[in-house]
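Shown next as structure tokens: one chain only, the form predicted alone.
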Amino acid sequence: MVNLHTSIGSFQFNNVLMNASGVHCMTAAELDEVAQSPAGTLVTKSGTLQPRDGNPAPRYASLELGSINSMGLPNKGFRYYLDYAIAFQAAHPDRPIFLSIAGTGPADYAEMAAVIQASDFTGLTEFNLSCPNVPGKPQIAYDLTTTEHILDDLFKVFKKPAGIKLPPFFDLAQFDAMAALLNRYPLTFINSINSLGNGLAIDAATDTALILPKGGFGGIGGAYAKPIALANVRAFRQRLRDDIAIIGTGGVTTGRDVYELILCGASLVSLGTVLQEEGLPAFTRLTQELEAEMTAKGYATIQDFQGQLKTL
């Protein structure tokens, strides 16, 4: 028997798997379904100050090795998800939940943080600085100066457990600079990575872009993202303070993929494209495959191999 127990800060989870924000989390009903699955925890849709319809359809398409999407942050508003999270933790005091929020401008984060700080919510809040699919809005975390200003303002008002959702980075100097910045703040976790921004996929029958928004440009998920996700989790685990945990996101299609994200240093692993494509049974399948991988390797707990990637 293997044990999939893991922790982030003072929060304990009985399974390393969770949904990725944006998948199976738009409504309270969807969130309840994730909560009833084998997932160790769940995260809400990234809520904005006001509800959003998002981008016009078609805005998601399956690809040979993953997906492309340009959803545009459709959500019911952060107060909807805050109310859900407070009710959830009242009903399940032993099950931590993640509340995700996203600003469409820098000032939004501190404004929402103040509301959450004044509320009864005691779980973990994820500040999403990495949405690549809002037309005319850049990914905030690629701008270190803006990120610094947001975090300065944020932590003036926010004292609860907090984390940052990051886009993928591609240069070692970027990892150095972002980690040095994040290490200055009282973060409990980071979530790495969001989808690979602004890919393009074409319908072979019509020579047309597969999705409508932004001329067909959208975030790439699924197996395409796995090597980038592994690199980002590994790079940040080597650079961040030990007390900043990592949620590994991107490229999971098998239990071995989950294992490798943990091997690179992840404490939790979230499911995006695979959950969108397979539905809730993905949690059961991947849990079983991870357990089989650990058994084959002779590991009884996540901690036996977490962050233990070998190099040549």
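Residue numbers run from 1 along the displayed sequence. What you see is a predicted model; the values in this text were computed from it and never measured.
A second form of this protein, the form predicted in complex with a small molecule, is not displayed here; the remarks below concern that form.
Student: Using a 4.5 Å heavy atom cut-off, indicate which stretch of 239-247, 278-286, 59-67, 31-39 touches the small molecule in the predicted complex.
Tutor: Of the options given, it is 59-67.
Student: Among V23, I302, L17, L290, which has any heavy atom within 4.5 Å of the small molecule in the predicted complex?
Tutor: Comparing distances to the small molecule in the predicted complex, the residue within 4.5 Å is V23.
Student: Within 4.5 Å, heavy atoms only, which of I86, L73, A179, L187 is in contact with the small molecule in the predicted complex?
Tutor: Looking at I86, L73, A179, L187 one by one, just L73 meets the 4.5 Å heavy-atom criterion.
Student: Applying a 4.5 Å heavy atom distance criterion, does S267 contact the small molecule in the predicted complex?
Tutor: No, no contact at 4.5 Å.
Student: May I ask you to check whether A113 falls inside a 4.5 Å heavy atom distance of the small molecule in the predicted complex?
Tutor: Outside the cut-off, so no.
Student: Contact with the small molecule in the predicted complex for N232, defined as at least one heavy atom pair within 4.5 Å: yes or no?
Tutor: Judged by the heavy-atom cut-off of 4.5 Å, N232 is well away from the small molecule in the predicted complex.
Student: Find out whether any non-hydrogen atom of I193 is located within 4.5 angstroms of the small molecule in the predicted complex, and reply yes or no.
Tutor: Yes, I193 sits close enough to the small molecule in the predicted complex that at least one of its heavy atoms falls within 4.5 Å.
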